[in-house]
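Listed next as structure tokens is one chain, alone, in the form predicted alone.
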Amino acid sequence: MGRLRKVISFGIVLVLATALLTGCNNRTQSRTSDKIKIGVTVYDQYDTFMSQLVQCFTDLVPDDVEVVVYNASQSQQTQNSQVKKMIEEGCDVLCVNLVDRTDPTAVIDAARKNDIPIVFFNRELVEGDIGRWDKLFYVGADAIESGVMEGELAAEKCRKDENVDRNGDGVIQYVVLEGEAGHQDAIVRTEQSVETLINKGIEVDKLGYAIANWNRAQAQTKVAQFIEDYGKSVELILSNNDDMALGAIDAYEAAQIDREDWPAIFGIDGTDVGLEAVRDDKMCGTVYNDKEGQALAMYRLSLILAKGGSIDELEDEYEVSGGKYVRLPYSKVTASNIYDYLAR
């Protein structure tokens, strides 16, 4: 490993033609022996939230730390190869946003073989897997909390705005836009948002749901079909993320349906475009996933691990649990506090 690092230090220029996310600072690709190098791989650079989170991360990096960022393009096999490449390039720590949270074996094995710590982020791997080695960690948020908050936002809207129940039957007809099939966050966000809505005393009737893979264009197609099938009967749309909520908005605008005839639409993540939709009264609310806070926690933990330190060093600043997890809280965003979040 030492010989390889020296070769990399003096001879190889790293070309990341498809890897670096838009907006990353230009950095020298060579490294000196005392320069910390962090490797990052994301499941899909075109995921709006992930793109913004990684942008926040790279914005934190000073000139004496090097970061390389790879896009796995939704392929776990590609991501496995990227992890091996980053190890070969001499990365001191890896930050991994898993493509498939149920299949981290190749990633973990490669890092463990070379004694390179991993900070998993945003997509939480199975508990049994994170316990396989003492240098595996996770930075993110609690998906349950996001679903509960979305349900609370929807319940408050239904109670305070009688126009949500457009047919006046005392029951809210709703649809759900889900992320990936079988994905933990998608399942939890859906279950918790609906359960919370019911627990808050809102009587509901589920008209349907659609898997839209966190994707705005796919969500627009699915909601266009809902409009064709149910017309104005849809009174509430619960989306697992902002991009799919925005796809719903696109569908209603494309159908040229008057704004007062739209359902109440809610998202999760608080992306820049999602916040703008709340500001413009197109989305009723979103749940803010603290990308700035997560990026900072990832960066702080990465530096600590690269220097041989412990996650316990973050306990005074973050919620650290089980010696493995750093979790940051969500928060609710509506028109009443939107400018507090747009200013971040």
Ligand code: GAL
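This structure is a prediction, so every number in the text was calculated from the model and none was measured. Residue positions are given as counts along the sequence shown, with the first one as 1.
There is another form of this protein, the form predicted in complex with ligand GAL, and it is not shown here; the text below is about that form.
Student: Give a yes/no on whether V278 approaches ligand GAL to within 4.5 Å in the predicted bound form, heavy atoms considered.
Tutor: Looking in the predicted bound form, residue contacts with ligand GAL do not include V278, since no heavy atom lies within 4.5 Å.
Student: Classify N289 as contacting or not contacting ligand GAL in the predicted bound form by the rule of any non-hydrogen atom within 4.5 angstroms, answering yes or no.
Tutor: Yes, N289 lies within 4.5 Å of ligand GAL in the predicted bound form.
Student: Report yes if any heavy atom of E66 sits within 4.5 Å of a heavy atom of ligand GAL in the predicted bound form; otherwise report no.
Tutor: The answer is no: E66 has no heavy atom within 4.5 Å of ligand GAL.
Student: Contact between L305 and ligand GAL in the predicted bound form at 4.5 Å, heavy atoms?
Tutor: Judged by the heavy-atom cut-off of 4.5 Å, L305 is well away from ligand GAL in the predicted bound form.
Student: Under a 4.5 angstroms heavy atom criterion, identify the one residue in A295, M50, I311, I38 near ligand GAL in the predicted bound form.
Tutor: Contact residue from the list: M50.
Student: Of the residues E235, E178, D185, D92, which one places a heavy atom within 4.5 Å of ligand GAL in the predicted bound form?
Tutor: Of the candidates E235, E178, D185, D92, D185 is the one lying within 4.5 Å of ligand GAL in the predicted bound form.
Student: Select, from the options 115-123, 218-226, 82-90, 253-261, the stretch whose residues sit within 4.5 angstroms of ligand GAL in the predicted bound form by heavy atom distance.
Tutor: The contacting stretch is 115-123.
Student: In the predicted bound form, which residues of 185-220 put a heavy atom within 4.5 Å of ligand GAL?
Tutor: D185, R189, W214 sit within 4.5 Å of the partner.
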